[in-house]
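Only one chain is shown below, in structure tokens, and it's the form predicted alone.
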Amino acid sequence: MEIDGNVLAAKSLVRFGVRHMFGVVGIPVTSLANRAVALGVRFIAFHNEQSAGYAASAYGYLTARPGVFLTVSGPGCVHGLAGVSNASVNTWPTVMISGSCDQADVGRGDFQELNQIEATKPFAKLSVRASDISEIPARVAQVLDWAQSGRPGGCYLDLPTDVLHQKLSESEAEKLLTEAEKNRAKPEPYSISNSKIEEAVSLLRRAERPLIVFGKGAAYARAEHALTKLVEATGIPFLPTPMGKGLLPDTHALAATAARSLAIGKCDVALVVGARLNWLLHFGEPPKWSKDVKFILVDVSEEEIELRKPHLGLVGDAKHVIEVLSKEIKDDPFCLGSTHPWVQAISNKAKENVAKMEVQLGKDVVPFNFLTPMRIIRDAIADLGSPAPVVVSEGANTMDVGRSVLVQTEPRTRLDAGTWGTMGVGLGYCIAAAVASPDRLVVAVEGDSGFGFSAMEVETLVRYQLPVVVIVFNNGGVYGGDRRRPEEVDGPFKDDPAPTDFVPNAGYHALIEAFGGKGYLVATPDELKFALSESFSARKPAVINVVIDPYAGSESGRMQHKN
């Protein structure tokens, strides 16, 4: 009996561990999706390839297995580039598979013709094509392995139409699958010299104001237990990057998040684990950091360490490196203790800043500012206990305020715009989280602008009945409506809405109701509390449209830290 390329591609995905796939089907990949489903892969069909790609990238992060998404040729592949590039910048393992035109028709203007290998190269770690049906298993294994090897990222596999229609015998297919499986790349163990480990421990031991900084690379590596052990054994304060939040609870006594400016401005040795010294950490440079700070940078990529030129670089998996450091410390332990001047300074500043924030949060401001509804959401999430929901956040003011107010107590429970500051990731991330972590509720806290990028995917939530509650902070526009200065209101189209304006009082809640989901329109604390209580309990697709004062926000493009 013979099988075609669609069946062989589906068999390859299943054989090599793919359990979920996201995407948008059409010519020439519909049969591939159907064959994969028949073999046990759950396919989540989206309205837009961008959102499918964002879902696959977040799935790769949450599961530490490559997230896979499928697109049609030409424009479908181009739309999917958003997901591949987002994955590569965030260093999340992701594979985009696209159909492409018949190889015999290349250059003749075939349907949706595009040189997809060249189009994807700038954004992907690896871009390859299966030029014959016999190459499919090896190519599938190759992109899956490359996506998660070394520094994870996005990879691309091109499957031409003629290859998908080629046939071979089942016995030959089994041979090809077995051979590809046998030849799969094996991860090489990391080896760190004892002298470097000893130097790192010596730097931490001698430091007067040490700090441990960790990011989503440490979360991806499942380093939470190793980090907890290290922090609590040494008494060193810690600072997570936004998606590192929850590896240790935000409520931990040594958490320096609420004293961020003091922590990074005064520390003399910083152990940075799975986080890059990029814009999120002010490039590790003055004036935010001391000019004399010594960085110990732990990263899976030697190139990253060479780029940043820290005082000391340790190449390796974050969890493994922290375990080795802890083992070295155990032989000659040290602990700062709660009365250490540095620990006390961090603790006092954090308490002072939290107290100031709580004064603002304690007020019920109506019409809503950003703080009042954020406090109500924070308290409603806390009431859920464990397992904590996955919180997805995007937008300008909404994400900035949420980063400060919402509390993460468990690892990998925060997804936001990330390293690239990507807007439009929200609904894709929600769907990925619901699929990857089925025991958790998913709560999205979105600005109305961020929500608008992928709002049609609320139909996808309803179609698959995913436990996702989307909360839209509706302030009538990007940053909050018309923010032009008087001198900017001029020209022949001055009566048009401002570039930042949306339709006033937009009924975002009605969008999900059109598909059979639950919508809520809220403008007061009691209305919001009721909507959260009912939707959280139901664990069904819902949109809560929270009306915000259009003048409550401000323009924001970088992380704003006032502590």
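One-based numbering along the sequence shown. Not measured: the values here are computed from a predicted model.
The same protein has a further form, the form predicted together with adenosine-5'-diphosphate (ADP), not shown here; the description that follows concerns it.
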item: Ligand-site call, adenosine-5'-diphosphate (ADP) overlaid in the predicted bound form, backbone or C-beta contacts under 2.4 Å, 3+ atoms; value: open
item: Stretch from 384-392, 101-109, 353-361, 151-159 whose residues place a heavy atom within 4.5 Å of adenosine-5'-diphosphate (ADP) in the predicted bound form; value: 151-159
item: Non-hydrogen atom within 4.5 angstroms of adenosine-5'-diphosphate (ADP) in the predicted bound form for each of Asp400, Thr409 and Val445; value: no
item: Listed residue (Thr257, Ser73, Thr419, Thr372) with a non-hydrogen atom within 4.5 angstroms of adenosine-5'-diphosphate (ADP) in the predicted bound form; value: Thr419
item: Heavy atom within 4.5 Å of adenosine-5'-diphosphate (ADP) in the predicted bound form - residue from Glu304, Glu323, Glu172, Glu113; value: Glu304
item: Exercise: Ala318 in contact with adenosine-5'-diphosphate (ADP) in the predicted bound form, heavy atom 4.5 Å; value: yes
item: Heavy atom of Pro237 within 4.5 Å of adenosine-5'-diphosphate (ADP) in the predicted bound form; value: no
item: Contact of Glu457 with adenosine-5'-diphosphate (ADP) in the predicted bound form (heavy atom, 4.5 Å); value: no
item: 4.5 Å heavy atom contact, Arg276 and adenosine-5'-diphosphate (ADP) in the predicted bound form; value: yes
item: Within 4.5 Å of adenosine-5'-diphosphate (ADP) in the predicted bound form: residues from 233-268 (heavy atom criterion); value: Thr241
